Structures are given as C-alpha cells and as structure tokens.
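Here's a solo chain for you in structure tokens, the form predicted alone.
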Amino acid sequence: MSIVHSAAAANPVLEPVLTVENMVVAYGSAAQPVYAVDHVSFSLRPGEMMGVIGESGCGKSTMAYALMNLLPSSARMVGGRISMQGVGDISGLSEREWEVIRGSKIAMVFQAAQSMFNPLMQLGKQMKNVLNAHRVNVAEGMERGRQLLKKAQLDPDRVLRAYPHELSGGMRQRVSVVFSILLKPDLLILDEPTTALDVLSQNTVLELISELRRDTPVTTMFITHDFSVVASLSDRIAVMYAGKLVEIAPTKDIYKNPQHPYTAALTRAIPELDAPLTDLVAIPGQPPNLADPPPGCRFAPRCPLAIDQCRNEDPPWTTDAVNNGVACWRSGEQPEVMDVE
C-alpha cells in the first residue's frame, strides 16, 4: 500500500480542525469514578491523518465516543473542552444540536459495521434518510453516494437495493465508510475499522481509505492497535497508555526517534519481514487497573528507566511549537532492552 500524506497536515500555521483540551472521561459513580481518559489534549490540522494507538483498554475508543457525544450511559465527560473549526465549543451541545453536527461536521466509522445500519431497511432508503435529515438535495446526494460506492469497488445498484445482512462483513465496512463521508464532514473518526475483517477485506478497506484521502482532504483520526497499519497511512501518531496520552509525533519520528519508553517498546514489538522473530522484545508486565492506578507515571511499573520521580510524580504533558508532545520525566532516553526486575 502506498503511503499517503497530506501537504496541509505539514503546515502548523493552519487553524486546527479539532482541538481537545484536558478531556476527562469517567465510568462508574461520582463517588468512585474510573478515569478511562485522563486529561488528554491534542489538535488535528486540516487534511491530516493522525493515528491513535495503544493496548486494549487504554481509552482510544472511549475518547472517540466522547468526541461524537456517543458515550454509553455508564460514562460521562467530566472535564475538558472540545472545539471544532467553524463551530466553536461542542462540549456542551444539546442532542438536537448534535443531530446536525454528526455526519455533516464530524463522522465516525465503527468497529462493527452492522451496528451502523438498520437491519430492516434497504441501504438505499437509509442513504436517502441521511440526506433528508440533513436537508441535502436527495438526487445530488444519491449520485455522490453511487460514485463513492464505485470507488469502494462495489456495485451501487446491488448495494442500494440490499439489506445489511445481504452483504459480507468487508462490503458492509466499505459501505459504512461511504456513508460516513457522504456529507463531506470536516472530521472523520475511524475506530478500528478493520478489526473484524479477514486479511483481504482489511486490505480493500485500507485501500479505500487511502484513495479517499487522495480525493477528499478530510481530517482523519485512525484508531487501531495495529502499528504497521497506522504507520502506512498516518501523518502523525498519538500513543495512549492507561487513559493517558504519552506521546504525539510525526510518524517517521515515532519510528526513528521515539521519546517515550512505551512508544519505544511498541516499536520493538513490531515484527519485520527481514528480521528473525527472536529480535522481537515483549513488554513485561500488565497495564494498571484504572480503578486503582499507581501514583506517578502509569508506565513506571513496566519501565526499565523508571526512577523515584517517575513512581511518585505524574509527568506533565509538554508540547512543542507544532503541538507534538510527550509526557515523560526521562523523554528521549531509550533502554537497550525492556527488562523490569
């Protein structure tokens, strides 16, 4: 797959499409909250794709659902601010206001494509409903939808007549990508869009995303646990660990010069075609229990560079002039091996 990077994304002068400041999302009761997203801040530039990566349970998807105001009833955003270019602060919008924003300004492709569609309605009817809900000319919108389906290597006539269950998982996921960009949103969130697919279907979906990036300058957040996938598509990569953002940097810097020990450990765990499997280095230990996280840096119990300051003081999030950043007391110092006593 060819790597597609946006020229606009390389320009830090442009006003961000999305700005997140100190987002905090909690599950559970107010008396005993579990912070799944803990004071996360970042911005997304026009036309860029930022990959978000980390172990399962680190808060990636929770953050995405908070951005869409689609958190489950057991969760709530208890701190922070979310701003979108041309809209302003979207943190406190009403559900009626969100019905206008979703799809037209910010859209999302979910892990399970079948959850996006009404199983009792033909996809063509569902597409018309989306267009009507946002007061878009139906004839023009349907024609755009047909063209997008062709780009997705799908037969528009077959797809628009079909019910969701009549399509394969890979086809449904491609259709969900088409639906998500139908209204030309400013921001597209991809939440592990290839997780449940076979290898061939994964490649088809990724090629579609890559092609759409060439044709449509939509700002994109790609959430995944697959480092190799996100590296092939992203301009920058954000690394999360135990609810915290630990590093954001351009993709090439993440690979060549990671600043956080956890990022370095992730890159060492990626298999390479021309290297023996014995070169892989596993990360020892387990992520912390977010109901009772350790003091200081949450990666400290697994980090070979940890000192007393790491174990006792939470490192601050520090950024540079172009909003890349790291949260580590010993940033830039990389161990030869990951080995914790």
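All residue numbers refer to positions in the sequence shown, first residue = 1. Computed from a predicted model, the values in this text were never measured in an experiment.
Here the subject shifts to the form predicted in complex with a small molecule, a form of this protein not shown in this document.
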- Query: Closest heavy atom of Glu55 to the small molecule in the predicted complex, within 4.5 Å or not?
  - Reply: yes
- Although the small molecule is absent from this view, report whether Gly51 comes within 4.5 Å of it in the predicted complex, heavy atoms only. no
- Is there a heavy atom of Ser228 no more than 4.5 Å from a heavy atom of the small molecule in the predicted complex? no
- Are any of the heavy atoms in Leu67 no more than 4.5 Å from a heavy atom of the small molecule in the predicted complex? no
- Message: For the interface check, one of 306-314, 56-64, 42-50, 293-301 should have non-hydrogen atoms within 4.5 Å of the small molecule in the predicted complex; which one?
- Response: 56-64
- Of Ser74, Ser115, Asn137, Ser168, which one comes within 4.5 Å of the small molecule in the predicted complex, counting heavy atoms only? Ser74
